[in-house]
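Starting off, we have a lone chain in the form predicted on its own, written out as structure tokens.
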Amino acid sequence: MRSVEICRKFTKHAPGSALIKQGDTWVLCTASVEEKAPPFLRGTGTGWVTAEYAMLPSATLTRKERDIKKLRQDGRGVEIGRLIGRALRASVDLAKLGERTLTIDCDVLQADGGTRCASITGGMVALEDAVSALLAAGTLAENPIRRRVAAVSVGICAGVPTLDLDYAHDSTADVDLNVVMTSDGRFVELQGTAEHEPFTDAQLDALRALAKEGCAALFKAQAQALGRDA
């Protein structure tokens, strides 16, 4: 497991924000609140949690063009944003959120593998701080956070099950798997691919066991950053 540091309240204006540093992968996660629900939820009394993901042009060795220059959204970024949103919604009772939308923006400042997983882990801290701000203001009557979520990458590298892949491992892995878990030990999502040879039940079991260890460490990092237990 790479070293993990989560710096809360990293920006001034967002109700919730966190800079997560996981090895050389750094992601800024900010949570914004809109006092309206998406059109498909209006009139239901239920809120929504969504996410957007992007990489800064200098996040990697080769400059990445901004989406606005191409006049279209990057397909990879859209897919990752949807994953982050799905993961974070697993932590929230949307009915208790009321008809409002919480948007978690995840901007990769520096990429060295595992950016989507770091976005989920850091995004959870930003989300929880934004909810705390709503509770403190009396906007919410009760806490909608039911549990925390975190995510980590695992893979098989040169035949060895490996935890928390950096770019060097991720780009050469025989198998890579992104695992999203809840703080009560359940799975939200597993994204796995055999890049070369298909993997066995035994290999999958080994990767899931590693992911559980990694997520347990991430939940401790979240709790330490927030100053309270899971």
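These numbers come from a predicted model, not from an experiment. Throughout, we count residues from 1 along the sequence that is shown.
One more form of this protein exists, namely the form predicted in complex with another copy of the chain; it is left out here, but the text below deals with it.
### Task
Have a look at 117 to 125, 154 to 162, 88 to 96, 130 to 138 and name the one stretch with heavy atoms inside 4.5 Å of another copy of the chain in the predicted complex.
Single hit among the candidates: 88 to 96.
### Task
Look up in the predicted complex whether Ile145 has a non-hydrogen atom within 4.5 angstroms of another copy of the chain, and give yes or no.
Contact with another copy of the chain, no.
### Query
Does at least one non-hydrogen atom of Val188 fall within 4.5 angstroms of another copy of the chain in the predicted complex?
Yes, Val188 is a contact residue.
### Message
With a cut-off of 4.5 Å between heavy atoms, is Arg100 one of the residues that contacts another copy of the chain in the predicted complex?
### Response
No, no contact at 4.5 Å.
### Query
Should Gly45 be classed as touching another copy of the chain in the predicted complex when contacts are defined as heavy atoms within 4.5 Å?
Contact with another copy of the chain, no.
### Task
Determine the residues of 1 to 30 with a heavy atom within 4.5 Å of another copy of the chain in the predicted complex and present them in sequence order; the list may be empty.
Those in contact are Phe10, Thr11, Lys12, His13, Ala14, Asp24, Trp26, Leu28, Thr30.
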